[in-house]
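In structure tokens, the next block holds one chain alone, the form predicted on its own.
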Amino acid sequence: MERQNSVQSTKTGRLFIILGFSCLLLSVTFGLTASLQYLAPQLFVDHLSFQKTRPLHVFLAINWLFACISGLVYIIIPRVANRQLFSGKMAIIHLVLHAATITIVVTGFFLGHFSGREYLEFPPWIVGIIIFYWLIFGVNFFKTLQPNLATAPVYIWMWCTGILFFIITMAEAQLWMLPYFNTNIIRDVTVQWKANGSMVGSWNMLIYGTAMYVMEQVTNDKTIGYNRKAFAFYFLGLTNLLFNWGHHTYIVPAHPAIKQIAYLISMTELLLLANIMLTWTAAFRKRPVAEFEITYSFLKTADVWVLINLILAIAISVPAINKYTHGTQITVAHAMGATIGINTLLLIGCVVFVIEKQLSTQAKKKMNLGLKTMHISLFFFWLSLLAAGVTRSSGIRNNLYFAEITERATPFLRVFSASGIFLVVGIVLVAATCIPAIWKFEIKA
């Protein structure tokens, strides 16, 4: 039975990762379509308008993150726990329900059936299914790992936190259905952004925890998960998960304490910034184990984006700046830098860690080319969004008409779309290498 569970865990993990890459490829396709619709609003307007491509892009991007991290957990956790997966059948149920949910929601979007809230634009009964399969995932995780948190490395704390808080925040995001919230716009918007902001923190915990485990393996430095500084920054990240969402609601006339706490917590990210500049980068100076050079390249590139995006995150958390950036393409730039530059590169790096030993020299060259293409094109993509956002903010302050603001931003939006094409090419190159390799991957008995 244990051998059967081990094989099932690997197979389920592989299928989750392939499901994740499928979501990623579809997401960037719809995202590229949406970017072209900025320049040509009538493009596909009769069948696939911007009102459909945007939620399709966002929903599939989120499910790329969750499907891929679920697959990595199913493959890695038995290694960490040094025991077989608790239940292979529960893992299959998780996979089937997750894939079915994606299919139902995407079909609904194509048919124009929207409900729920921003980023969760599907019927509330779908949320019940999502919470159910995350509970299955959580039981399988905790039963397999049986963590002793008193002696556990920091990445185990991060995995535990990520799973628990995703379930909590997904349920919290449905409070809008209660009259106490949906009859009061201030409560409604505040709780919506609190839930969404903390949910982002939950998947960050899962992704960063996995990346930390992989970095430990790649650098062969077993102190990474146990030093006091790592735990100090884990608790700082947990505090941010709980409170720094408030910078999304500066414009909402909620209680001033919410905004003050959010601002103070957001500014603690300066400590994260200093830590990256002084110590995190130093860890990457240690040369990786020879067979993990591609993994190392992805993690190191993601580290660059952590630095870039954290500077932007701190800036837009300052109320005086947030007043002009909120709702502009600057917010989109921050989201894209985090989702693609950090989370996607970290996840791909973790997938490469699993398969790198079986990659051919030619495959590794293709991976490197894909990574460089992603990195360079994302930089221009990100810069063009910042420029478009500054143009929009300036136009609003000067009381310009929307058409005039759009005209001024058009050159930047052209760069945005063009760099988006190259970004998709880079992602396709990487996915075309990863998918066949992960399909063939097996853990040796």
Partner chain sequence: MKKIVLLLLLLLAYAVYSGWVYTVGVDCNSHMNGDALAGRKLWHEHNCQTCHQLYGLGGYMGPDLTTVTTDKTRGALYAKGILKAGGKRMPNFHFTNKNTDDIVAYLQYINDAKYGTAK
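Every value quoted in this text rests on a predicted model; they were computed, and no experiment measured them. Numbering follows the first chain given and starts at 1.
What comes next is about the form predicted together with its partner chain, which is not displayed.
Considering its partner chain in the model of the complex, the lone stretch of 313-321, 77-85, 207-215, 233-241 in range is 233-241 [heavy atom distance within 4.5 Å]. For the options A100, L135, I186, L264, the residue carrying a heavy atom within 4.5 angstroms of its partner chain in the model of the complex is I186. Between its partner chain and the residues L369, I168, V106, I93, the one pair within 4.5 Å by heavy atoms in the model of the complex involves I168. With a 4.5 Å cutoff on heavy atoms, T219 does not count as touching its partner chain in the model of the complex; it lies far away. Using a 4.5 Å cutoff between non-hydrogen atoms, F110 does not count as a contact of its partner chain in the model of the complex. For T223, no non-hydrogen atom is located within 4.5 Å of its partner chain in the model of the complex, even though that partner is not displayed. Put simply, E293 is far from its partner chain in the model of the complex: not one heavy atom of it is within 4.5 Å. If you check its partner chain in the model of the complex, you find a heavy atom from every one of V252, H326 and N399 within 4.5 Å. Taking its partner chain as positioned in the model of the complex, the only residue of 381-396 that brings a heavy atom within 4.5 Å of it is R392.
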